[in-house]
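In structure tokens, the next block holds one chain alone, the form predicted alone.
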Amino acid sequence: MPPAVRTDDRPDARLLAPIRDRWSPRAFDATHGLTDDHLALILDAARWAASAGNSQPWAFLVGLRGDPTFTAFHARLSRGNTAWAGRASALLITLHQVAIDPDSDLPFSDYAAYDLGQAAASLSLQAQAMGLHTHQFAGFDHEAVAEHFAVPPHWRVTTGIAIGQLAPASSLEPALAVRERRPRVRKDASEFVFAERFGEPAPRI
């Protein structure tokens, strides 16, 4: 199996391993199957994410490779994502609430998109801790997905998440293999951690 972390801009070794080792591959093992138990555990991590007022304004449509949900979602991906996502063990569609549910008295949170992000992050880190990888993406026909899966108007289709086991970059077509091997880099903290005013780096970072 290829290494989980490539030689590049390495994270601080003191970070938790799932955070330190997480990256977004396109090369997934097309023979790997995600068990129902593992899928339930990954989704349970999303269930326990923080949300404003415990509103939990997120939802997931889940497809395992070969089932109708997976197949229908894959057919609506952008050309670039179609080339690799079909090898993933599972494809998830993320959604967040954008208005009050007309059939419920529960309050609507203006921070639903933020809360979905936390749920997706928790899900991804749980998968990473289990020896799996995730790749989050937005390249698909959102309107067609909403229509096909009968998404209510007070919900918004947001992103896709591929989950699976890592495969060698050589399993991809050449152009994607080149992208897979690119160094992983991040902005320096001074570029996004500020003090006193926006754009002024915090002196303690």
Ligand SMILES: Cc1cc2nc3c(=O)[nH]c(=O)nc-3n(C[C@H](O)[C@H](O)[C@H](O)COP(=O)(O)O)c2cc1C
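Each residue number is its position in the shown sequence, starting from 1. Given the structure is predicted, the values throughout are model-derived calculations rather than measurements.
FYI, the form predicted in complex with the named molecule isn't displayed, but the following is about it.
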Candidate from Q56, T69, S171, T159 lying within 4.5 Å of the named molecule in the predicted bound form - any heavy atom: T159
From the candidate stretches 23 to 31, 144 to 152, 47 to 55, 162 to 170, select the single one in contact with the named molecule in the predicted bound form, where contact means a heavy atom within 4.5 Å. 23 to 31
May I ask you to state whether R10 is within 4.5 Å of the named molecule in the predicted bound form, using heavy atom distances? no
Taking the named molecule as it sits in the predicted bound form, is F60 in contact with it (heavy atom to heavy atom, 4.5 Å or less)? no
Does the named molecule come within 4.5 Å of any heavy atom of R186 in the predicted bound form? yes
Check whether A138 has any heavy atom within 4.5 Å of a heavy atom of the named molecule in the predicted bound form, and answer yes or no. yes
Within 59 to 95, the residues having any heavy atom within 4.5 Å of the named molecule in the predicted bound form are N81, W84
